[in-house]
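A lone chain, given as structure tokens: the form predicted alone.
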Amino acid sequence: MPVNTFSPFTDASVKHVRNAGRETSRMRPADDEPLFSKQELDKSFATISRWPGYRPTPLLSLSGLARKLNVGAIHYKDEGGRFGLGSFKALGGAYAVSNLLAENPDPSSVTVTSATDGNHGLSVAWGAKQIGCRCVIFIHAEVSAGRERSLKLQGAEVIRIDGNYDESVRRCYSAAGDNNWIVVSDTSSDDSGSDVARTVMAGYSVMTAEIVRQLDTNAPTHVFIQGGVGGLAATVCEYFRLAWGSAAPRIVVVEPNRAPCLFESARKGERVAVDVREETVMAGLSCGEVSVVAWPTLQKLADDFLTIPDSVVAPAMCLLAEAPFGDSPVVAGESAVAGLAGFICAGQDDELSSALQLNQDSRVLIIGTEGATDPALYESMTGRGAASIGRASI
């Protein structure tokens, strides 16, 4: 790495908003319903941990990078090896499919469908393949050819539409209504799809349960987590509150500046949609509408929202791959590094660092949500093939 490793982050235009809806206490009032019941969380872990190939993904200590950035610790949850699908989303879509069809005597008569930027649809397709039902996946114009191929390899029928992700969601719901298909979405714009979206999020909670076990009692002080529609971030907020109570970490949600639906919702104090006019390279985060399921939890429990430019994505991917400060090299896809990039940007800005209370005692958790789910794109952005970079073991 060159001497000016952090210059792309120092020069980046980052926006920050403190969540005005955040409760002063991290504990909910007694009459406030949690996002998940204990039974739901126990069921998701029990189910997914029995799937063939299950094992906890590694939580890596990036101690060299932590020293360089003058914080106490950086832990990186590497989801690149999850069930061979390369993403944490393997936990959600497939779990929802298994739940929906668990009691169906003839799954081959059922069609499940979803819209995707890549990873969620791959999980739905994989789940459908295991169950034995038909799967139709809608992708938008900017989804890469590599991700389309991955969906087809799982047996999905893929329909590419003109327009952005939100348009692909609308087309998916329209086709499902016309054909009596089951929509397996990781988001919902109204109450009609909220149960399925919650089930997807319950699947994600397996990852947060692993993190709590891996950290034991040493809770982080900060979590920098990717935004998107908000499902993962809300799950993180909820699970860590349940696990650590008043000691739960500060949650900082990071989004592309080209798709800032959560940021704008936090700024305005209500769920709002934004028009994604230019696609971000962080394909999995290119979302204009906030999940109706996720927003109430985020409004109450997320502390801060940041937006970052695309210019910091490739440098963050290269920083993990090249590991110039003695850490294990990590393969991280373009959507995986949003949290890390947001954290580094904040650390290079004295005013923002102070606002987020980052200091030499901070213990930072980053969730690397995907590996090289599009190998060709990964190589074009980092200059190296993902297969040439060693993956740390658990």
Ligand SMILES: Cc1ncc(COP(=O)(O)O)c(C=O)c1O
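Since this is a predicted model, take the numbers as computed values, not measurements. Start at 1 and count along the sequence shown; that's the residue number.
One more form of this protein should be noted, the form predicted in complex with the named molecule, which is absent from this view; the next part is about it.
- The closest heavy atom approach of F224 to the named molecule in the predicted complex falls outside 4.5 Å.
- Mapping the unseen interface onto this chain, P249 falls outside it, with no heavy atom inside 4.5 Å of the named molecule in the predicted complex.
- Contact annotation for D117: at least one heavy atom lies within 4.5 Å of the named molecule in the predicted complex.
- Under a 4.5 angstroms non-hydrogen atom cutoff, the named molecule in the predicted complex lacks G92 among its neighbouring residues.
- Note on contacts: among F263, F138, W126, F88, the single residue with a heavy atom within 4.5 Å of the named molecule in the predicted complex is F88.
- The single contact residue among L306, L285, L301, A316, judged by any heavy atom lying within 4.5 Å of the named molecule in the predicted complex, is L285.
- Checking 318 to 326, 101 to 109, 214 to 222, 117 to 125 against the named molecule in the predicted complex, the stretch whose residues place heavy atoms within 4.5 Å of it is 117 to 125.
- Along 343 to 376, a non-hydrogen atom within 4.5 Å of the named molecule in the predicted complex is carried by T369, E370, in order along the sequence.
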